[in-house]
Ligand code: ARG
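Next up is one chain by itself, shown in structure tokens, the form predicted alone.
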């Protein structure tokens, strides 16, 4: 018996190798729920415009519900000659209803059907990832109260630069992940366009109501050009780009905490239930989860590159090449979802090594810039102050002491204008207290930002995660 995808124009059955080569059921089976939802909405529209009778529509919807139940219970069988999930569901419908089932595909093509299903799936994936990003942000914000009194060295060029409050560090990641959420929300607007009813390439001569279908499926708008709708995969590329940036941000965080967890840094203790051991070295506590988060970033970026190459030379409109868009997006989504889930748990469960951080905090002259700004407030030009503090740092380095251990006489050799007040800005803790600018690590400023983030994330009372 002919399958729905082969018309009477074919006089021979397809070569078995072609069936194996062209199938996509092995990966697009995950679109089953979206395909059935789209088909139900399409059938209701066809009944409303009187292409289907109400009874025919009821039969179709009831049968599609049965097919959905079969798929979710594991009773649904697949075979490669039916190519994809769309043909499997349609053939199952025909097997149940005969000619009534054959009427469902009226006014649509697999081209617009696939596009619609894929958009519905991507829309759901975006919502899922946005939720996971919010949970990761909450894990960082949840640390802030517990770590409020911890001062960390901030780095530039991997050299110690200035002191910052630990919550300021945690909120830096919240800002990055908030930009990711904004990108996803913006991307979702373009994903949320209904292409169903544009048919294969030119539309249809049947009196369908595309706006009706769009409304039933929760789409914000209807695609306005059938040629573009048939070929457009911008939404898939844009989603994968957004996922790549999320993966990049996760990789940056993972790399930092991997370094911090080493004996050389000793800043943080990762939760042991998210670490692994060595097959030969019994003392090892390896940050494998963080390393895999860092490593899988390459997979996500690779999927973006494959999608860019996939569409770069395709003429209008649909081409079978576009079948290859789904494995890339499916895997990129899966990787980012799992990495975000792991990241939130690691963030919530890690502990700062306060003693180790405090013991090393005065190394690296983190207060040098604050001393320079102290001089600037005494009318010394910035470049002059910069040079004078550099001299003091050199002198302190030669003595092997922090700036705060220099005597006032030693300081006055470089800058006679200094008095005892200079010690009020020396040392990491006093340097932090000296900050005042918006967005800085000033304690009052950080407290405001923490309160703002708690409000934005809907964190109240003790509901937020805190470190062990």
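Nothing here was measured: the structure is a model prediction, and the numbers come from that model. Residue numbers count along the first chain shown, from 1.
Another form exists, predicted in complex with this ligand; not displayed. Remarks below refer to it.
Screening 114, 268, 223, 122 for any heavy atom within 4.5 Å of this ligand in the model of the complex leaves a single hit, 114. Contact with this ligand in the model of the complex, judged by any heavy atom within 4.5 Å, is made by just one of 193, 369, 323, 334: 323. Annotated contact segment (heavy atom within 4.5 Å of this ligand in the model of the complex): 104-112, selected among 91-99, 140-148, 271-279, 104-112. This ligand is not drawn, but in the model of the complex it has no heavy atom within 4.5 Å of residue 232. When contacts are judged by a 4.5 Å heavy atom cut-off, residue 318 counts as touching this ligand in the model of the complex.
Among residues of the shown chain, residue 83 is one whose heavy atoms approach this ligand to within 4.5 Å in the model of the complex.
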